[in-house]
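One chain comes next, on its own, written out as structure tokens in the form predicted alone.
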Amino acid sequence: MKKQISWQTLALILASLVLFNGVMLFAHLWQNHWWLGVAVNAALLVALVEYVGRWIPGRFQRIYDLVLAIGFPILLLLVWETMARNNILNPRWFPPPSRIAVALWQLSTQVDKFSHTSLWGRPWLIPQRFLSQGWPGVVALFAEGHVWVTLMRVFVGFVLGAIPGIFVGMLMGMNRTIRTMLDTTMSAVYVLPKIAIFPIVMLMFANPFGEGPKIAVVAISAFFLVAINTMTGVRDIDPVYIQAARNYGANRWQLFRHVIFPGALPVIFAGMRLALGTALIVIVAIEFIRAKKGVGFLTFYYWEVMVTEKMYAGLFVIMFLGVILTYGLQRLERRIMPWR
């Protein structure tokens, strides 16, 4: 049962917002104490939306949550825009989001005249390229896109690391001897920063500057996270379920198929989500230092030439990729585990 709203409390919170911002504005405190203004406004805003949320009817709760989830990032962008345009933030280092949006549009629609690359690879030219050059022309069109290069490295490396990770994690979870043999070694290697072993991986490939070392480091990063989480998922299965399956005459394969693997799947997917995020972080870091294509390379390049709005555009694309990849894995999780 929702409580009735107290309009006096609501008015007090709103009055506090107006009064505080009025004092900050007329006393010219925003320029030097903007951090204080942002902190106090954030605290008052949280108090406001939390109080209003107490009396939102249950049938509108999901809509209210959606408004908060979408509205807060938009509010942050508006605050950023206002502060940058009023020189509270240095627009050279923190360009307003409107300039970043223009830069993102330019990166998406224009081809760099030096590298002959673009952000997305100009997919609108696919029909024309297909008619003139066939499938090789379409592939070449996507190959000029930084986003598709990064996604290829992440996807291939993630798959090559996750599949063996699930297999090894299952063995470690079900067999105490294998777990004892591998646990110390995996714990030692896992804590190494994966970007630090990139030079070693480069020495293992005939072409150290090709795609092989980049994909291999992503695979290594994904392997350890998936393997450790898979082992944990197997070991945390309630022994009652295993004993019940054995009492019903389940053999080892049936026990694995119907009890162990389904029981460990939630933790496996938790590890895969961590591994996918880590894979994106690792490949962006590698593209910073050793790549001529990719969103990480694009971001670092525009930092080097001090075109900060395009640098921020690259960062926004990285965040967008993270959201899309995570959402895709969640959809796969719901399809494989419909009982959840």
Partner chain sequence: MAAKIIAKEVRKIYDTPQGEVIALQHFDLEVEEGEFVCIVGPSGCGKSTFLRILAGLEDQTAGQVTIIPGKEPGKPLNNVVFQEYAIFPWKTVIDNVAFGLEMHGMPKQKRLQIARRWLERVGLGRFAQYYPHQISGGMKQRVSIARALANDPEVLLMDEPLGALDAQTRAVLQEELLRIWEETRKTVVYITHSIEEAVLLGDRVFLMTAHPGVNKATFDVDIPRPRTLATQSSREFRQLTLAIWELLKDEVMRAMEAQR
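Numbering follows the first chain given and starts at 1. Since this is a predicted model, take the numbers as computed values, not measurements.
Only in words, not in the display: the form predicted in complex with the partner chain, which the text now covers.
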Item to complete: Using heavy atoms only and a 4.5 Å cut-off, decide whether all three of Asn247, Gln254 and Gly263 touch the partner chain in the predicted complex.
Response: yes
Worksheet entry | Distance check, Met174 to the partner chain in the predicted complex, heavy atom within 4.5 Å | no
Discussion item. Considering non-hydrogen atoms and a 4.5 Å limit, does the partner chain approach Arg235 in the predicted complex?
Written reply: no
Practice prompt. Answer for Gln243 alone: is it within 4.5 Å of the partner chain in the predicted complex, judged on heavy atom distances?
Written response: yes
Practice prompt. Look up in the predicted complex whether Arg85 has a non-hydrogen atom within 4.5 angstroms of the partner chain, and give yes or no.
Written response: no
Practice prompt. Using a 4.5 Å heavy atom cut-off, indicate which stretch of 91-99, 213-221, 122-130, 235-243 touches the partner chain in the predicted complex.
Written response: 235-243
Worksheet entry | Ala103, Leu151, Val259, Leu141 - the one with a heavy atom within 4.5 Å of the partner chain in the predicted complex | Val259
